[in-house]
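The chain below stands alone and is given in structure tokens; this is the form predicted on its own.
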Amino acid sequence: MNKFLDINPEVATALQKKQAVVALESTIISHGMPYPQNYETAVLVEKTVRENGAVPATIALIDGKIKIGLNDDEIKLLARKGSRVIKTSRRDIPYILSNKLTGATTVSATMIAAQLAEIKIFATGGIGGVHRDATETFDISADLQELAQTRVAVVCAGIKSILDPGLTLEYLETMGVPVLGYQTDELPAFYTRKSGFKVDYRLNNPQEIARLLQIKWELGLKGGVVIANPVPEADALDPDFMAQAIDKAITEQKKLGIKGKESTPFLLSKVKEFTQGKSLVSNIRLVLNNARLAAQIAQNM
């Protein structure tokens, strides 16, 4: 697979020296936020990783290669093209590489690329999961299957609140994926700190998390780990306020018949609209918070 990887020299050096490296997805740049906030956030996330002692490796597919660590021009390209960039999951990777197209990696594709580059820690906003009407639509994110088989730990603010947290936790349990709470017993719900559901285990410092990860993989157990890191209290939104905005967004999604990979970007955009931009601010803050924790865990691996 090395012939398909293009590892940034800084990232390659860090990996060779066994230094801390944190993988970062690129869908959050192209589909998660509008321009220029997406570019500014991507730069700030990388800066946060560096300030906490690790090397950032933002990942995307460009010109027939899986880029592990983007330069400023590549980040800006994704930010400006926005939704014209192909949202890339596991199934899309061969097509995009063979046609030398530009692809922004989701959680699942980022995990695949990180494992190929031997990066163990990945920071994102929130993971995908089981959609609220999955009993009828069977709409389940590929992120969950990836977590079941790929050895990368994902630091996130829980499951995206537009999804069904209970069903997602059940799916992860079936697949043997541990869900850890960082200094919390309760699963955070992206924009809010509480979901009403418990995590599997509470761990209170990066060293404890790193040790658990090392033991899991030393035992030969496949799959990743979800590290749920609540949005900072000052940046959390009111649960009732968010529930109303999300319900309104889902109603509009169903009315317009939007399905598949377009569902999440549409819903996040509508939630931003219905919250008058408050959800976007919270989203940016929680991503930075996750990048900070991921760097701290990576230093202890």
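Numbers for residues come from their place in the sequence shown, where the first is 1. Predicted, not measured: the structure shown is a model, and the values here were computed from it.
The protein also exists as the form predicted in complex with ligand PSU; that form is not presented, and the subsequent description refers to it.
The stretch in contact with ligand PSU in the predicted complex, judged by heavy atoms within 4.5 Å, is 262-270, chosen from 262-270, 236-244, 36-44, 51-59. By the 4.5 Å heavy atom rule, the three marked residues G32, T106 and F190 all count as contacting ligand PSU in the predicted complex. Within 4.5 Å of any heavy atom of ligand PSU in the predicted complex lies no heavy atom of S161.
Proximity of G224 to ligand PSU in the predicted complex: non-hydrogen atoms within 4.5 Å are absent; the residue sits far from the partner.
Proximity of I75 to ligand PSU in the predicted complex: non-hydrogen atoms within 4.5 Å are absent; the residue sits far from the partner. In the predicted complex, no heavy atom of P230 sits within 4.5 Å of ligand PSU. Residue A142 is the only one of L167, L212, A134, A142 with a heavy atom lying within 4.5 Å of ligand PSU in the predicted complex. In the predicted complex, ligand PSU lies within 4.5 angstroms of at least one heavy atom of each of the following residues of 17-40: E25, T27, I28, G32, in sequence order.
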